[in-house]
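Below sits a lone chain in structure tokens, taken as the form predicted alone.
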Amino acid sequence: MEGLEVSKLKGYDLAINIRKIDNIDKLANNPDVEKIDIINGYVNIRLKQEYYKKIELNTDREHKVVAIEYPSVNPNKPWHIGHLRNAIIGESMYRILKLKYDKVERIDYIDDLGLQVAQSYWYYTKYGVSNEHDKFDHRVGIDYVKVNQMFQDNEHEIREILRQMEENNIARDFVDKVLDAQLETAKLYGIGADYRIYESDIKRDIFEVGLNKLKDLGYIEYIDNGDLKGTYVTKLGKKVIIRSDGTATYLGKDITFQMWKAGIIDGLKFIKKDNTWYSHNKGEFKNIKANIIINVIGIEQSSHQNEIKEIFKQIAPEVNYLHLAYQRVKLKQGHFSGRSGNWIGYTADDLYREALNRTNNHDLALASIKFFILKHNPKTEVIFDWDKALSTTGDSGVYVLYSYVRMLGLERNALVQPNLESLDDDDRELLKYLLMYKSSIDKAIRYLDPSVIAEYVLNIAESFNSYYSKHRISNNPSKLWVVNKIKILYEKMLNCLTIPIVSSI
């Protein structure tokens, strides 16, 4: 049945353009085919009901290693809704990718050497921490708004703190305290990681190795005159990776990090905590050797990502380097900004509390937020809207989860045992979603777009609810069998969307 698409005609299951088939008789004689009809230039196929008894939800698996990086939030603030979009897109893609690839590794990059962290750490050492919240990441984030107003008058001190952070890693305990608070949010939303890797460990253990490798391969060059005198830049885009003062830019460290992911260089050590590998100066050497590298990073970083992608085309053409770019989530009054503090009240923690207050149900709260984020193509800008997120009749997580609970109700209240005895046209229309499984997974992976699965789930829910309203199901063994098959598919797709599988609401 390869190369076929789902038929658009009721009463038929599959179809193929007549110009794409050489031997119609061979197709008609397939043991799974009940009948074929040529309509409007398509060969439309009706399958025997026995085919649905043996159908399995499988994809064509590939023996490759995938490294997907997300959410990589700076450790000096709580997650706001923009960070949450990154995390939920990343976790959803991870679960989708696992259906196709043998090994998928989640990587969380901890930027403990950035200027933002230096600003927050400088304030922390001088003034302590705000008492305006019960979580440490929120308190530090509130203080980050304050330190931005003080930066110009204290830049020299802050730059010195940054230098000491690079040389002596003086802020690691502070960073870990913020990270621990952020990970409470990650756990709440079901966001995991297989590796958490600190920028300071990259700088200490593999940066020089990566830099020398790039020099040897001729992909970076030293500039001895002009505005960039004393720097090392990429030959392709003339982007600085080593400043004239000898410090590494974010791009420089990131290139090295991506080289480690691909197994081009090694040297990072890890210790294991809570089933996650953390980079550390002690521990064991590990390497991923990824065939596919996916970075979930905002669309504003496209230039940066394209620079690395072009370098990879030359130093490791066998590695598929991909940027899953996403647009911002914003409020009706504008974009979020860590510096301005307009994220206050719209952190991931705040969103959950508000959703819980509105739904009075943990699972509905999470489903409403997650589905609202995932139903949008990552490249579209999103304005968060509670009315749409919590709708019980539209394209919302609440609607999607209620539909699942309805399926469970039919299963619990069945008057007979599910058993496929006969299929009518309405049964076939619902079972078509089983035939769409492989193509839906492949499309989501091809475009790095979990909204493909969100739309798939919504369509299943709408079709199921229509089927439910039209038929008596609880005393019909065939219809119960059909619903059970769809429920299994639905559960698998809800898991891809990181939406909790519930027993009741």
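Definition used throughout: the rigid core is the maximal C-alpha set that superposes within 1.5 Å between two forms. These numbers come from a predicted model, not from an experiment. From 1 onward, residues are counted along the sequence shown.
The same protein also has a form predicted in complex with the RNA, omitted here; what follows describes it.
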Please run the contact check for Ala15 against the RNA in the predicted bound form: heavy atoms, 4.5 angstroms, yes or no?
yes
Any non-hydrogen atom of Met165 within 4.5 angstroms of the RNA in the predicted bound form:
no
Taking heavy atoms and a 4.5 Å cut-off, does Ile55 contact the RNA in the predicted bound form?
no
Using the partner position in the predicted bound form, report whether Arg412 sits within 4.5 Å of the RNA, counting heavy atoms only.
yes
What is the one choice in Glu318, Glu300, Asp173, Asp216 with a heavy atom within 4.5 Å of the RNA in the predicted bound form?
Glu300
Considering non-hydrogen atoms and a 4.5 Å limit, which listed residue (Thr276, Asn154, Thr125, Asn377) is close to the RNA in the predicted bound form?
Asn377
Candidate spot Leu27, Asn212 and Asn281, all three touching the RNA in the predicted bound form (heavy atom, 4.5 Å):
no
Counting only heavy atoms and a 4.5 Å cutoff, which of 46 to 54, 60 to 68, 466 to 474, 28 to 36 contacts the RNA in the predicted bound form?
466 to 474
Residues of stretch 200 to 237 in contact with the RNA in the predicted bound form (4.5 Å, non-hydrogen atom):
Asp227, Leu228, Lys229, Thr231
After the core is matched up, is the C-alpha of Ile39 off by 2 Å or more between this form and the one not shown?
yes
Kindly check if the Cα atom of Asn484 is displaced 2 angstroms or more between this form and the one not shown relative to the superposed rigid core.
no
If you line up the core, does Asn495 shift 2 angstroms or more at its C-alpha between this form and the one not shown?
no
Distance change of 3 Å or more between the C-alpha atoms of Leu410 and Ala389 in the predicted bound form: closer or farther compared with this structure?
farther
